[in-house]
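Below, in structure tokens: the form predicted alone, a single chain.
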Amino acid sequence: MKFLRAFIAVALLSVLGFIGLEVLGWVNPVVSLFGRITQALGVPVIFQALHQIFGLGSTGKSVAFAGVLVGWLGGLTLLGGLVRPWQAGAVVALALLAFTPLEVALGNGAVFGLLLWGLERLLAPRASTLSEPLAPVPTAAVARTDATRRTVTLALAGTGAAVLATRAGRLISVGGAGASASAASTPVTPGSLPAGVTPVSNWYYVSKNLEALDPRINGEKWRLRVDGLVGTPKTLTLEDLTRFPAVTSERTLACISNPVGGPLISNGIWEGFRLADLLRDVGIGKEARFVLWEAEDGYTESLPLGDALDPDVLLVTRLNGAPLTPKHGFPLRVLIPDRYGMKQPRWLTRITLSATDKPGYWVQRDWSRTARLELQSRIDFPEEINPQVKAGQPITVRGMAFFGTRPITRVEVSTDGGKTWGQAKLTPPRSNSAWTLWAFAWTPTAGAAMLMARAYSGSVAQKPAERDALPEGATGYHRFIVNAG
């Protein structure tokens, strides 16, 4: 029964930890340990392997979190069943010092020890404290007492496990799907959004966190700190940001982990202001060379100051006519042209001007330091997931191409695996930072056909060599077989 009581103690400790996280924002040991493990798994070779196993969504992170939770429960249950309560509490406190603050480590160690001690007192057999022996207790009464004690123990264990499963399940089950609907074929209600603009509900989503652990920021309490090598350090509110000249810009954002033809790219209409206006307002120090970003979830990135002063570098608060959603960066995020999304933090809380650079969160794990975009194109219709068409019936193959602020000048489509190519019709984008939509007329013949697409930007051609997305961004032609019947 020692191990069952130890499990009850661990379950109660974990439940208290998750309640503290959700209600009071306390540091949770399980979440902290998960963060350390996901940092280690963030190197490109491991990240790519996890994508191949679990796909582009959050399944891999959910599996990792479940594994950390099981390890936490099993390890502490074993510990609590083998040693005395105060010893178990001390070991937990010392172990947690490796990845949680001192007060969190000591608090969890003390609570775990007290829970073990209390459960031992509550559920252990009652020994007589009298000096003289008492009359023998009837066997039936002893059996009833033991049965009651076992029932209470099992009930506590079951209740603790159920509550813990509910709390942990909320973290794991919140959908953080990385995929979005096809760009050029996303249905849009007439008059709501221009063609080619991705509705917010279909925007791609990628995070280093489980979605349930992404920041949920109170806009009234949020502050942006601007400091470092500046003339006048400032702390700004959301209302303070409204005094900078407003900018509206249609832009496409792509994730560096997006595979060829993948869904981790979306296009939207952003509203905000120029970073340069903010920096000039606080005053740029003579020795400043880099802008360092910090986000609410601990994410960091950087940008050379010369690039940061580009008028196209924006701080934005709205997407498609509405405030940013929590998963897309409320209340403030960065937009930088010609870079993948990893350079453009969400949930921004601090901007620091520095004389030296500091590698960002993913750069520390050997991802691209510059994260510059690769020229890419994608076929959206027919859909790769179900490439069925009718033989002899004309269709329009549709898709998109993107190269940041550099214009798409030509897109070619092949229906025979690259033996011959035809030129697609381009729809001029409304912005030089938005993707270009294209269309190609095709009448399929009966049988299987290999569809391919490639794009050009002036003299720059899309790279045909197939390369994994990590660490510099994927290259290669999007291709798949279409069956016509």
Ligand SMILES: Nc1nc2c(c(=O)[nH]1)N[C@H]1C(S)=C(S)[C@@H](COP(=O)(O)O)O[C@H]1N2
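These numbers were taken from a predicted model, which means no experiment stands behind them. Note that residue numbering begins at 1 and tracks the sequence as displayed.
Not on display, but discussed next: the form predicted together with the named molecule.
Partner contact for Q344 in the model of the complex: the named molecule, 4.5 angstroms, heavy atom = Q344: yes, in contact with the named molecule in the model of the complex.
ask   = Is V206 one of the residues lying within 4.5 Å of the named molecule in the model of the complex, judged by heavy atom distances?
value = It does: once the named molecule is placed as it appears in the model of the complex, V206 has a heavy atom within 4.5 Å of it.
message = My question is simply whether W222 lines the interface with the named molecule in the model of the complex - judged by any non-hydrogen atom within 4.5 Å.
response = Residue-level check for W222: no, no contact with the named molecule.
inquiry  = Contact with the named molecule in the model of the complex for H328, defined as at least one heavy atom pair within 4.5 Å: yes or no?
reply    = Flag for H328 set to yes.
The unique member of F273, F403, F290, Y299 whose heavy atoms fall within 4.5 Å of the named molecule in the model of the complex = Contact with the named molecule in the model of the complex is made by Y299 alone.
query = Of L213, V226, L303, C255, which residue is found within 4.5 angstroms of the named molecule in the model of the complex when only non-hydrogen atoms are counted?
reply = None of the other options qualify; the answer is C255.
inquiry  = Counting only non-hydrogen atoms and a 4.5 Å threshold, tell me whether R398, L437 and Y456 all contact the named molecule in the model of the complex.
reply    = Judged in the model of the complex, none of R398, L437 and Y456 sits within 4.5 Å of the named molecule.
ask   = So which of 290 to 298, 93 to 101, 275 to 283, 236 to 244 is the stretch with heavy atoms within 4.5 Å of the named molecule in the model of the complex?
value = Partner-contacting stretch among the options: 290 to 298.
query = Looking at the named molecule in the model of the complex, which residues in 353 to 388 have at least one heavy atom within 4.5 Å of it?
reply = Stretch hits: a single one, W362.
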